[in-house]
Every structure is written in structure tokens, then in C-alpha cells.
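Encoded as C-alpha cells, the following chain is the form predicted alone, with no partner shown.
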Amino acid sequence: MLVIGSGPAGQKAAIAAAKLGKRAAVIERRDMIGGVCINTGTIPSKTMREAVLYLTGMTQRELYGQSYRLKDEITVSDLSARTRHVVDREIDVIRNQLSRNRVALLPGIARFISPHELRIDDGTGDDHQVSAEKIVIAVGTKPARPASVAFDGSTIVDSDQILDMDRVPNSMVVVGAGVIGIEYASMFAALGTKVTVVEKRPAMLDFCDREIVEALQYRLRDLAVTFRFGETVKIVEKHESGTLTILESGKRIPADTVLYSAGRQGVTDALDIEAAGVSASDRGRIDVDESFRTSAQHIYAVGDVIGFPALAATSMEQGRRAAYHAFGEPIGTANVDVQPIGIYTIPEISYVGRSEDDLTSENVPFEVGVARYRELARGAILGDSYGMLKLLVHAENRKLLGVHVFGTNATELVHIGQTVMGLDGTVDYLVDAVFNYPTLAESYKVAALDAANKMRAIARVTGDVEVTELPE
């Protein structure tokens, strides 16, 4: 198996093939081991987030006052020092994993010359050909760049370039309220940057639970973030003193920096995939079937290049499944309904399963159970008065249908609900379970009791069953 790209999807595909006893190799540019995830995406941005939280003292302000800061003047070098350390360590881990599993690493840029053959440009002028029985395309994506925008890497930047800025700006316009845009908007707002978010849609993160998104929006407004929904950018002007973003509505927004986060583009343009009988959309995305096969039966595509959900976690599993399918190895059925989504804003958002809007549109009867961090001892200890956990429970069979979390450790907490849902569990398991105290995990019991009490109240009114009140 030949894998093009060493990001999470490519790594797992190659290693899975090697563990099945097959010869495997990965093609990757010398300066991009680990792919976008390690070098410009998930790892550096999440490391930067942790540095922001630590240096600003953001998580301690509920306890020590809103003026509390660990460091008054936070510089880019403060943020990049931690980021560089983590990135270097992760690259070393990936090299070690590939070496340990006898996966060959072929440096260079690949392009197809036939369905089974590729030419690799290693940068030395000495191109060489490789061929394989099975091929996996895991090239990932790059920021989409409107041709009308003059990106310069310092005042007008994309989501890759923002990590290389030479200073923390006093003001910033973020164009696009998707996951990446909102994550960076929250980070810079925490640093004290005056942030304005411009989004052409009427709301942000429209795939998330509305109540959770409203809670995040309220928190970001607390950090002086301004939202301009239903607005489109007409032009961005660059001046000596900064930038001026002019909207179609006529609004003019001055700022030190503009971050364009207008989606991402599949990196398939240089692959010559047509030579292999595969095609891509105008955004560089490749269509695949449920086994991640492309229109060429021996060629698979995994990770961000195939589109939603475009997350490192799901990409890893796609890579593994593609390798197993390619070599006829049996593999369990993937339950896409219980794959968690994590958004590393400040504070975090994470969810698994259905939302209230989903269930309402499908006429599924459900009850809601809520636990708020401010009511938990652990929430008080952490100083998080904003967080909440929400459970959606089927009103008849009592199964857990969705878990939505906002606040500290949301991306960790969601896995408890994911496990219950994956095992087809009901709210009664959470009602009867004992959780460590004080913990945020205790929120599951609080929310479960809330939902169970509401269902018991309905049963008491209708006279369906004899009921005994559960404790509040």
C-alpha cells in the first residue's frame, strides 16, 4: 500500500496495512511530516490555546478577579515557544511509529502517471517512480484563498499564516464564523485583542445545539467580541496603519489584522489524479463510498480531502478502515451517530448524537436534562460558572440520544455519554451510577436526574404508572 500524506488519516492507513503484514510506504514533503494536523492545524492551534489560557490566567478570573493575569505583556514568542516544543515532539513520535512498524517514508511531492504508478519529486531534481497494488490519498486540505484578497502573511492572513505572526494585534477582523474562525477569535479575544467576527450566514456553528452556541456567543461577547452576522466582505484594504474591511452593507471596520477563515480546499491540484481515473470537485474534494473507495476501486481517499467532518479523530478511523477494506480484513460497522465533535473555543464545545432541532424535525419525543457547572462543587473549584452539560433522552424508551457540553474539559467529558450511547444505554444507567466527587463528570448524574424527574412528573400527571419522586 502506498499512502500519499502523513497526517492522521495517512499514518493510520499505512500502519494498519503494515500490521496486516503488508508492505507500506508514505509519501510526504520533507517539511510536513505529520501533515497539516501537526504543522499548521490541530496541534499548534490547540497548543496555542493552552498557552493563552495559562498566560492570561483566564480560567482563574472567577476566583481572583477579572484583572488577574499571569503575565501582563504576552508576546508571540511566549506562545510559539510552547507550540514549537509540542510540534517537534509529535513529529518525532510519528517518525518513530512509522519506523517501528517498518513503514517506509518517501520524501517529496507525488503525482499520478497511471492508476498504479506515481512519480515523486524529492526536490533534488532526481525524480523516481513507485507503484503499488493499493493506494490511499490522504493529502488533506489548505486554506481557501479568495483571489480578491491580498494575503501578506502579517496583516492579512489565513489560518495557516496566523501562527507565524510577529506580534499579538490590538484589533482583528475574523472573516468566517466556522470552527477555525471561532476558535482563533476566542483565543485572541482572551489575549485582549478587540475582535470583530464577520459571517455571511445568520448564525455561527449552525450544526451545533443552539443553546450551547448561544452560551458561547454570550461568553465571547463578555470578552468584547463583536459579531456581524448576515454580512459579506466587499474588499479588504491595506494601509500603513493597518487594514480596513469594507462590507457590502457599507460598514467599515478598521483593524491591525484580518484573519480570513473562508473554508478549506483539498490539496489535489498537483496530484494529477485524472491519470488514475479519479476526479475531484472544484474545492479539491474527492467522492468516496462507505468503504472510502474512489471511482478507481484500488484507490482510497481518507481524511479532510473527502470533506465533513474533517476532524483528526474521524480521519484516523477512516484511514484504518480503508486499509482493512483494501486487504479484505473484516472490520466492525462504524456507528457515525456516536462519533463526537470537539470545538476548541474558549470555553470548549463538544457533542455527540442528535440535537434538539434534529429530534424535533423528526418528531422524536424527547426530554432534556441539564446540569450547570456553577451548581457543581468542581465547577466552583475550577472557577467555571458558564459551563453546562445537556442530555437528550427518548421520552418513551429512555435511551440517550444526544450529549451536548459547553465549558471546561467539554471535549473530555463527552466521551462518557458517547460510551453510554454506543452501548445502547438509557438514562437510568446514569441515574444509578456513582461518580467521583467533586468532579465535572458528576454533571451526568445531575442532568440524568433532571431528565428522569421530568419524565416522572409527566407519568404522574397522566397516571400511567405509580411513581416515587427521585431526589433533586
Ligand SMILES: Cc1cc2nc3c(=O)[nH]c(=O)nc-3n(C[C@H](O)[C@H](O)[C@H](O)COP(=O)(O)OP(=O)(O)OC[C@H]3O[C@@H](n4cnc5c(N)ncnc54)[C@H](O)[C@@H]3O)c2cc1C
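A residue's number is simply how far along the shown sequence it sits, counting from 1. Everything quoted here is computed from the prediction, not taken from an experiment.
FYI, the form predicted together with this ligand isn't displayed, but the following is about it.
Student: Please pick, from M32, V431, A441, L53, the one residue with any non-hydrogen atom lying within 4.5 angstroms of this ligand in the predicted bound form.
Tutor: Looking at M32, V431, A441, L53 one by one, just M32 meets the 4.5 Å heavy-atom criterion.
Student: Find the only residue in A447, V36, V427, A410 having a heavy atom within 4.5 Å of this ligand in the predicted bound form.
Tutor: Comparing distances to this ligand in the predicted bound form, the residue within 4.5 Å is V36.
Student: With the partner left out here, check for me: in the predicted bound form, does some heavy atom of Y184 sit within 4.5 Å of this ligand?
Tutor: Yes, Y184 sits close enough to this ligand in the predicted bound form that at least one of its heavy atoms falls within 4.5 Å.
Student: Using the partner position in the predicted bound form, report whether R61 sits within 4.5 Å of this ligand, counting heavy atoms only.
Tutor: No, R61 is distant from the partner.
Student: Is A138 close to this ligand in the predicted bound form, meaning a heavy atom pair under 4.5 Å apart or at it?
Tutor: Yes, A138 lies within 4.5 Å of this ligand in the predicted bound form.
Student: Tell me, yes or no, whether A13 is in contact with this ligand in the predicted bound form, where a contact means a heavy atom of each within 4.5 Å.
Tutor: Answer no; every heavy atom of A13 is more than 4.5 Å from this ligand in the predicted bound form.
Student: Heavy atoms within 4.5 Å of this ligand in the predicted bound form: which stretch in 221-229, 107-115, 381-389, 237-245 meets that?
Tutor: Flagged stretch: 107-115.
Student: So which bits of 197-224 sit within 4.5 Å of this ligand in the predicted bound form, heavy atoms only?
Tutor: Read in sequence order, no residue approaches this ligand (within 4.5 Å, in the predicted bound form).
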